[in-house]
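Only one chain is shown below, in structure tokens, and it's the form predicted on its own.
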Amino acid sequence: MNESLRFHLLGSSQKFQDICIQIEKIAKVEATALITGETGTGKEMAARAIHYHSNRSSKPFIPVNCGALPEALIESELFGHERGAFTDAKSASPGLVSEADGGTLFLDEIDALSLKAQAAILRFLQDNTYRRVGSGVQRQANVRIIAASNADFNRLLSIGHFRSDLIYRINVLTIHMPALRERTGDALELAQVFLKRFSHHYKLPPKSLHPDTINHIIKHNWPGNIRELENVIHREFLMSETNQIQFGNHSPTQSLDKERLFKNAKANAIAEFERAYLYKVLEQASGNLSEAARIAGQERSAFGKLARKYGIQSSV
């Protein structure tokens, strides 16, 4: 594998090495790509690797968290707007597509986009042309789209929350990032790398892992994947009063497991409340999502994402 690629994507397991080979192949072509996988598996890192090992590496890589875009401003954010196009448009804006011209636009959490926003992305993918909000001028941008999601697209398609024609467009090339628990030996390798990084970043003496900690890292399921592992190592590196980090089995920080149980119970309680509340508000709004969002005092895009999270169907 290319050494510069190895520098950014760490892991020696065969499963992860196979992913790196796929990334190298996809970087050499220009087609749209979709990266799937659980939260924390490194989907954005894979997208960046594709970009920076492609012919577009000298051009911008523009990441967009689709779940954070207010629905009313999605087209403006992506394609730009002219001055006065809407109430708060005090000056013109080129948009993210224009910023990514020649490079790559990374659409993270693409499943969070409303059907209207999906239609706008689809139009752009068809011929790379677009219009700024409030403008009649058609523009063109040479942009590669890489999308990412941890959603089950088959389920989203079946309940009508994702356009089938858009999934066909973005699903030309696909990479599924494996969970950390599927990458034999990589958790320990990553933990060692994180220790070195934090030592360098904080300009503190190097620290090592206690044998019990090594055993815990190898056996733990890591449901939050690389992100969870990095956060745990980060916290323990800073909080440990010795040069040997100890957590997991027979460690002073065994409370981590109890804390995780508490968080899971709390998350389940919140989920039950959210689901019941969604049904109640949608019932008040006769199934109309926009009206339900207004009643709840929420952005329609955020409210719609919550409804999709629980597979609750509603009218537009």
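This one's a predicted model, so the numbers in the text were calculated from it and none came from an experiment. The numbering used is simple: start at 1 and walk along the sequence shown.
The same protein has a further form, the form predicted together with a small molecule, not shown here; the description that follows concerns it.
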Spot the stretch among 25-33, 38-46, 52-60, 278-286 with residues whose non-hydrogen atoms come within 4.5 Å of the small molecule in the predicted bound form. 38-46
Using a 4.5 Å heavy atom cut-off, are Glu77, Gln118 and Ala293 all in contact with the small molecule in the predicted bound form? no
Do Leu190 and the small molecule come within 4.5 Å of each other in the predicted bound form, heavy atoms counted? yes
Phe303 near the small molecule in the predicted bound form, any heavy atom under 4.5 Å? no
How about Asp108 - does it come within 4.5 Å of the small molecule in the predicted bound form, if we only consider non-hydrogen atoms? yes
Is it the case that Leu9, even though its partner is missing from this view, gets within 4.5 Å of the small molecule in the predicted bound form, heavy atoms only? yes
Of the residues Val133, Ile226, Ile217, Leu166, which one places a heavy atom within 4.5 Å of the small molecule in the predicted bound form? Ile226
Can you work out which of Asn150, Thr184, Ser208, Ser240 has a heavy atom no more than 4.5 Å from the small molecule in the predicted bound form? Asn150
